[in-house]
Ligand code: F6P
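Next up: a single chain in structure tokens, the form predicted on its own.
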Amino acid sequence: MQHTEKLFKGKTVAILSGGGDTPAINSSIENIRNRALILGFKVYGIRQGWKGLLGEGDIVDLTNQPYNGAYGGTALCSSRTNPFPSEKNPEDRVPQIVANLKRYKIDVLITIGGDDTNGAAKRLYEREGIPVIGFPKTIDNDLRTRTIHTYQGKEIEAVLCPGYPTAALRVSEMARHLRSTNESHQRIMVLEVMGRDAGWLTGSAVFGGAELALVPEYEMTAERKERFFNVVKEKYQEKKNLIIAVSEGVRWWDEASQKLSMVYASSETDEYGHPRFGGVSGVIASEISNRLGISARSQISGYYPRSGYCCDYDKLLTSTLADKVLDLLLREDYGKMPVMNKMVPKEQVEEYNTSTIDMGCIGNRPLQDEYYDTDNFVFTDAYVNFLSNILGKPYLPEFGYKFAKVNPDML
């Protein structure tokens, strides 16, 4: 039987993005919008995440709007607004959310975010029965996607989130570019990478030549610090320069207080209770200089990895996961999030390698033990194999010269 109209004509899908931006959000929005249009939905964009559903609402029409998905960030803007009561904002703003969804006649809500944004969507689905579909997003790559990475016959539960591939590329490039100045001054460079609770992104510095790394999953106790300094000294003596990648959320032993501590860029927290980290690289570089007598500097990658244009792998990833969103919309299967169920190279990022997970089972996934050598402070071959699917082989540039030293007695 031929349908004379599209299946969901007269229905409206709304898309919002919350939390930290990534280079892949606009690509996600564009691809989700295009799939929803195929089914006949009108498509709205909600500006500034959950904040756009408060008060009178801040809603825009994306239906017939040109949209540049290649450009990073989110044209819908973002915020860290939490609609549920929190320590910072005890007001329950869910009634405002529900009222605006009805007011703007929104039938399905698609939330692009991490555990906070999608966790709030999950609660709305469970508590209010609002039809929601989650879409993964984080450069930290710690949102549990149940992506299986097969390495040497063993299945490892990894993570693959849009935004991470581009950010990993940026971090690897930054580490690689720092190499020339590092070699020129024969110093140690401590490169700080975003990652509050997980070291997935920090590992990408290995692909630009970082020899050592510290991650939040493994605390730097007093004993581990002593071993770390010994390893740093040994590695430096081999090459006379060294790049150490560290996650911003590394728990570092403080000699003065005699306890583990973290370095905060600000004591202020967002509505989900998260402080803003920043500066641990400076602490580590200073201690290396003081204890080992080796020139050390810190470099914070900051917002650079989450900025700029979306890489090819991310474009394919967002497009493929949007195909799965189309499937969920078609079957009206809500409370789910599309994921890649296999870690695969670019040419295999296809819908047949996707699945969905219940939004109630999302949570966070730290770096697996198989990916990090705690004794030697390095990422393992298993992690290199994992990230090679995205970045190819690691590349380490270096001067490479072995000059013959002139002996004046031989002249």
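Counting begins at 1, following the sequence as shown. Computed from a prediction, not measured in an experiment: that's the story for all the values here.
We do not show the form predicted in complex with the ligand, though everything after this point is about it.
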Decide yes or no: are Gly113, Cys161 and Asp314 jointly within 4.5 Å of the ligand in the predicted complex, with each residue judged by its heavy atoms? no
Residue within 4.5 Å of the ligand in the predicted complex by heavy atom, from Arg123, Arg196, Arg291, Lys235, is Arg196
Of these, Arg276, Arg146, His177, Lys240, which has a heavy atom no more than 4.5 Å from the ligand in the predicted complex? Arg276
With heavy atoms only and a cut-off of 4.5 Å, decide whether Glu192 touches the ligand in the predicted complex. no
Would Arg80 count as a contact of the ligand in the predicted complex, using a 4.5 angstroms cut-off between non-hydrogen atoms? yes
According to a 4.5 angstroms non-hydrogen atom cut-off, is Val215 in contact with the ligand in the predicted complex? no
How about Val206: is it within 4.5 Å of the ligand in the predicted complex, going by heavy atoms? no
Among 315-323, 177-185, 134-142, 151-159, which stretch sits within 4.5 Å of the ligand in the predicted complex, heavy atoms only? 134-142
Taking the ligand in the predicted complex, which residues of 300-316 have any heavy atom within 4.5 Å of it? Tyr303, Arg306
